[in-house]
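Take a look at this single chain in structure tokens; it is the form predicted alone.
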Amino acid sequence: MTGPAIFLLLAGLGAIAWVSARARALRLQTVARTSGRRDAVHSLPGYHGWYVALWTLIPAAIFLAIWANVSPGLITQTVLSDPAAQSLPADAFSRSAILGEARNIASGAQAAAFNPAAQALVEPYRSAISEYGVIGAVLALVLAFAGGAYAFTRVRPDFRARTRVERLVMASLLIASLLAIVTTLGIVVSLLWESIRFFSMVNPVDFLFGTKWSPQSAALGYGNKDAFGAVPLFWGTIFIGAIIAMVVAIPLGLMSAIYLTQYARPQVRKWMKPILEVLAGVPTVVYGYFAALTIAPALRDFAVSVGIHGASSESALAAGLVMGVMIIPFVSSMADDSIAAVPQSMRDGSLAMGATTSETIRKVLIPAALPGVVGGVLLAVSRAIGETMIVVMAAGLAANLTLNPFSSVTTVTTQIVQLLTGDQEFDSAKTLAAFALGLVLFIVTLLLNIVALRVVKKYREAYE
């Protein structure tokens, strides 16, 4: 029996359990009310239905999750005991490859076998898969019937079904909340563990303050010294994400927010604000294509025309300009909300004192909304320094320490992608350097987000 068929059957049993338990509870509660025992009724019939349905579904679902991890091993053991498997080679790698090929053919993931030994094991695999599929389905259905029957016997007017169901819902919400925390902890532990391995091979001082980044030389056996200086990567990240991109995003985002909140008519704002926020939903690879095919060649031609020699078709300026356009919605949205949250009385008071609209914006609204604007800018910076695709496609891979915006530079995220692309050895400093770079990037973005959230919180406390 296939997986979808089992889940459909269990869903049907759960629906039947819900309807049956609800009907039973409704009938028993009606009898209790007609006999004058109104105090004996605790939960609505729907809660009884959900209680029985959950007892029908959850034990079977837990069993199927466990069975999905246990059954492949049982299937393999059954196949290995088949006479056709006696001719398998003793080498573990070859044996695993043959078994994997036979399993793929039996499950339909592969059309034909490249190894005759694998073809001989296809039928044993199909037989074992079918056998253990039926066993798993039968056991799951038995558990579903047993759980549903147990819960059905507890349906009575005074049973606290609502309390049990709500406890399960609360537990589910708690688990969902903990998943985010556990995931974050897993990321931190993974980064720390691999970074410690890297720093056991490379001096942390050389990594954080070195000016030469050449991991390929270390991979070729020239040693780790002077090969992992990450300062060019840090500078490229700051140069593109925190300087060039912000020079574009902050003025344009702030001016668009001022126009939409202070000058635009309601109909104009109704159309302009969603159009502006669409920029945040454009895939970054599209921005990367635009930067690489349109902006970068135009900037190179401009640099050549004004006499700047050595201008590259992959430049920090091209990536930074397009990245700035990409994060305009982040700055604009936060500035818009911050300006709109300034009390109307402050604006009216300024206008009543004879100030013009522009003077009110410059001297009252912007200073009052500044904490929220700063928080938005910091969040935009943390978004910009984590960008990868635009830099890969428009800024290049050269780790240059330069102030020339027309030169090719690279960033931390780009190097992480390059170091982990393809088949890599995870016991070499070259590969482990990606985790050290990821740790630095994680710490920086975490600090930026903490500062931004604290600034925004302080702002909200002041005006709410």
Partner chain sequence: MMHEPQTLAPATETKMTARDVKVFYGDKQAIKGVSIDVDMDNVTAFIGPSGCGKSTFLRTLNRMNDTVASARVEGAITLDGEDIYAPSMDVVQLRARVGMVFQKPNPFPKSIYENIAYGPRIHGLAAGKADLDVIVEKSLRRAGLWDEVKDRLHDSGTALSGGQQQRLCIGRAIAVEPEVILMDEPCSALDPIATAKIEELIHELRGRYAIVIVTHNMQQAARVSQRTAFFHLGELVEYGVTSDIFTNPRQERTKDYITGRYG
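Just so you know, these numbers come straight off a predicted model, no measurement behind them. Residue numbers count along the first chain shown, from 1.
Below, we turn to the form predicted in complex with the partner chain, even though it does not appear here.
Just one of Met170, Leu178, Val142, Leu351 comes within 4.5 Å of the partner chain in the predicted bound form, counting any heavy atom, and that one is Leu351. Note on the partner interface in the predicted bound form: the residue among Gln267, Ser305, Thr153, Ser345 having a heavy atom within 4.5 angstroms of the partner chain is Ser345. Although the partner is absent here, Lys363 lies within 4.5 Å of the partner chain in the predicted bound form, judged by heavy atoms.
Among heavy atoms of Ile238, none comes within 4.5 Å of the partner chain in the predicted bound form.
The closest heavy atom approach of Ile129 to the partner chain in the predicted bound form falls outside 4.5 Å. Under a 4.5 angstroms non-hydrogen atom cutoff, the partner chain in the predicted bound form has Thr356 among its neighbouring residues. With the partner omitted here, the stretch from 145 to 153, 190 to 198, 363 to 371, 390 to 398 that lies within 4.5 Å of the partner chain by heavy atoms in the predicted bound form is 363 to 371.
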